[in-house]
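To begin, one chain is listed below as structure tokens, in the form predicted on its own.
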């Protein structure tokens, strides 16, 4: 009969490694997991184990690895790694050689002792899942990983190397179906990768309430180091509160300096393990594959610590990774299953769309009948193209799914007609604090130079208040960009610019997302505004809006009316009551208000480019021929 080594060892209160050692001493064949034996051999084995002593002792060689220990004790590998990280503060991959004292402490935690010697290490583990799945309830699921970083630092190359190395043997003619996500199968476990375009997509999904990523990989080129988009990606990951692993890429290139990258990371409060922090760093080459296995092991280590679980038999939950209209196939969506099991023929509601799954394929283009937690699949059968980040939910049939989707669409229309999205603003901060709506003021800070960024950030972080925590979630040099607005939208933050302006598209995006942008040229005005907002004493802020330019061509002295400027509107328009500045030889001669505006002898409200008019100013008569009037109005922006 066949006997399982782990079960045999457990029944007799000894380590599996001890059973294996005695089997080898007796000359009994085994495969590391089981052996064939009759009753005579079992009696002989039991007797030999008894003679070896009842004490749970492991006979191991120095330099043992976490994988060796896990096999020797019959313990799941992630458990050993979790113990190393949480109790002993040691970060190690499955193949890292441990110091003898560390190995002894691990063994002791499981009730074993180690007898060091030159004996053979435990038999190599057969590829298996770290945790045996129970028939029901939550089970360990694969981690979902997103790769982020600066453009040209090798995000796509790294993804391609991992995918090709893993599926090359399975692909037909090397053709892989791009579905925006794929899985990597390893002996130690499975990893699901989301192939997003970058941190913008990562945060856009978060802004829509879809937190799908378990671990973020930050790719930094060893020759370039930290770049502007790297800093943005760090801010996006930190704000999402997702564990980060840094992959220092291009270590094969001449002139690469991985140690410099580690030093730069600390400047952005990303502290590598080598510097006493908690961020794992893997040095890799997407070109040669160097270090990639180590990176994958670190991902599985982090996943083991997180104890990611889902119930394959539970209620279906999923999220849309990407979607499109495919000519000939109709709406196509890539779904990441988060809980439960998605099956062909299921009726589902996806955001404001619905359907019945007609077909389901994986990233290799292979047809699937069902997909469990953390599995990315491409589905056909939806009524329309959903949005990335839309949630996938079950329905009893297609009729019910349609009813739910149509009701959601109607509610969304009503909300859009009801009024703008409510976002945090400096002006309303005190009211929101009083109503308990917010306790943190998140800020995105942009400035013209690095010195200004550091100065503004330093002063803002000193703003103290018992009720509200002022938190700078991202700061960088340059104009206010789309990415800044996206981050502010996801984090319900206010964007603050010092000596810098928003890009045209960013301004449009901010208006659409109802994100407040405030720009300043004096640093203490910026700080005073934040302090005043926190105290609920912020005065309204106004911005100039240009109206037009007017030229004074003649000066009239009228008996009843007084001195009047005869003008011609050269650009835009001029309004009665508008603010203006009068320039003479390019210098400002006077600033004030237009008191009266006439056309011939009639009072008028406005005059436009190409028209002549008479203007009198509020309390000023020292104008001359040739003066130029710039008219503007003040618009309240808070």
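Numbering follows the first chain given and starts at 1. Please read all numbers here as calculations on a predicted model, not as lab measurements.
Although it is not shown, the form predicted in complex with guanosine-5'-diphosphate is what the next lines describe.
- Not displayed here, guanosine-5'-diphosphate is kept clear of residue 474 by more than 4.5 Å at the level of heavy atoms in the predicted complex.
- guanosine-5'-diphosphate is not shown here, but in the predicted complex it comes within 4.5 Å of a heavy atom of residue 249.
- At the 4.5 Å threshold, heavy atoms of residue 77 stay clear of guanosine-5'-diphosphate in the predicted complex, well away from it.
- Among residues of the shown chain, residue 489 is not one whose heavy atoms approach guanosine-5'-diphosphate to within 4.5 Å in the predicted complex.
- Only one of the listed residues (150, 363, 518, 283) places a non-hydrogen atom within 4.5 angstroms of guanosine-5'-diphosphate in the predicted complex, and that residue is 150.
- Here is the short version: of 311, 157, 499, 96, the single residue with a heavy atom within 4.5 Å of guanosine-5'-diphosphate in the predicted complex is 157.
- Look at 269-277, 502-510, 403-411, 284-292: in the predicted complex, residues with non-hydrogen atoms within 4.5 angstroms of guanosine-5'-diphosphate sit in 284-292.
- Contact residues in stretch 57-81 (any heavy atom within 4.5 Å of guanosine-5'-diphosphate, taken in the predicted complex) are absent; none meets the cut-off.
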